[in-house]
Ligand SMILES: NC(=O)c1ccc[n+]([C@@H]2O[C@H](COP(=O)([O-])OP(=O)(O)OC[C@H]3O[C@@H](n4cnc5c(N)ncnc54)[C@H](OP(=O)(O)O)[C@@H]3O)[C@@H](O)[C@H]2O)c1
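Quick heads-up: it's one chain on its own, the form predicted alone, in structure tokens.
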Amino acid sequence: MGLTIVITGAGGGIGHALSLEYALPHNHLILCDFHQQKLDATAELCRNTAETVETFTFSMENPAEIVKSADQMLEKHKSLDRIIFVNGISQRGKAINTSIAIYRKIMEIIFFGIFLLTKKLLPALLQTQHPKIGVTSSISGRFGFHQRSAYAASKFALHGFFESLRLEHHKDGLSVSIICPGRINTPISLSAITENGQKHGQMDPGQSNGMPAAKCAQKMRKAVEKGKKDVLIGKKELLMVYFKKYLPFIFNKFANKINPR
């Protein structure tokens, strides 16, 4: 029997790759993104193998659009099996130079939009036998980093919310997987927001040398389906997470030397 799966950020990067991972016979995909053309391209590929594919175009910055899209999903689907959040935006800018408006924008996209869509869809998710949520955080959700203060803060917020949600609905059988990728080869650094609100517009070396998005998506799907709670995906940059937890003096030494790009 197929699964009904909501995936945000499906238009590109990890979200695109994850949509293809879940585009299996009998699965029903509900793909979401703010970029209509890219979303349509992902959906077209998924239709080659998935049972059905629906698309919803909305911005995670716009609560009214989120509510409208969620209501439309629920009109057709009384229960959902998976909700996987892959939407996001990165940052390149020092806190001292970054306006509160940029902080609010990043928090809306990464935290409040996800929070609202979760609130809307959670009752339908809890109607299924084995409900699962996958949420894409980052290793920046495990420690702060240069030029990522708003980004890291939003990811830390995701951890607090979804760890609490996991505990509150443990008896309902809800599985929540918090996925923390390191450097993955996606275009996210190109659209990262700078101190003045412009796009970074550069493919950072760390990004271009990162793990392929398809490999990351494969690991994500396996982790979500196995119900793993906290998952690290990446290369040697993951060592910083372990240094922060077990050898903080080494973390502090290296963190000051790492190129933020």
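Residue numbers here begin at 1 and follow the sequence given. Just so it is clear, the structure is predicted and the values come from calculations on it, not from any experiment.
Absent from the display: the form predicted together with the named molecule. The rest refers to it.
> To verify the annotation, which of these, Asp40, Asp230, Glu61, Glu51, has a non-hydrogen atom within 4.5 Å of the named molecule in the predicted bound form?
Only one option qualifies, and that one is Glu61.
> Does any part of Ile184 reach within 4.5 Å of the named molecule in the predicted bound form? Heavy atoms only, please.
Ile184: yes, in contact with the named molecule in the predicted bound form.
> Report whether the minimum heavy atom distance between Gln207 and the named molecule in the predicted bound form is within 4.5 Å.
Gln207: yes, in contact with the named molecule in the predicted bound form.
> Give a yes or no for Gly134: in the predicted bound form, does one of its heavy atoms lie within 4.5 Å of a heavy atom belonging to the named molecule?
Heavy-atom contact with the named molecule at 4.5 Å: absent for Gly134.
> Should Leu117 be counted as a contact of the named molecule in the predicted bound form, where contact means heavy atoms within 4.5 Å?
Leu117: no, not in contact with the named molecule in the predicted bound form.
> Each of Val6, Tyr22 and Leu80 near the named molecule in the predicted bound form, meaning some heavy atom within 4.5 Å?
Per the other structure, none of Val6, Tyr22 and Leu80 touch the named molecule.
> Using a 4.5 Å heavy atom cut-off, which stretch among 184-192, 68-76, 162-170, 124-132 contacts the named molecule in the predicted bound form?
Flagged stretch: 184-192.
> Taking only heavy atoms into account, state which residues of 160-175 are within 4.5 Å of the named molecule in the predicted bound form, ordered by sequence.
Heavy-atom contacts within 4.5 Å come from no residue here.
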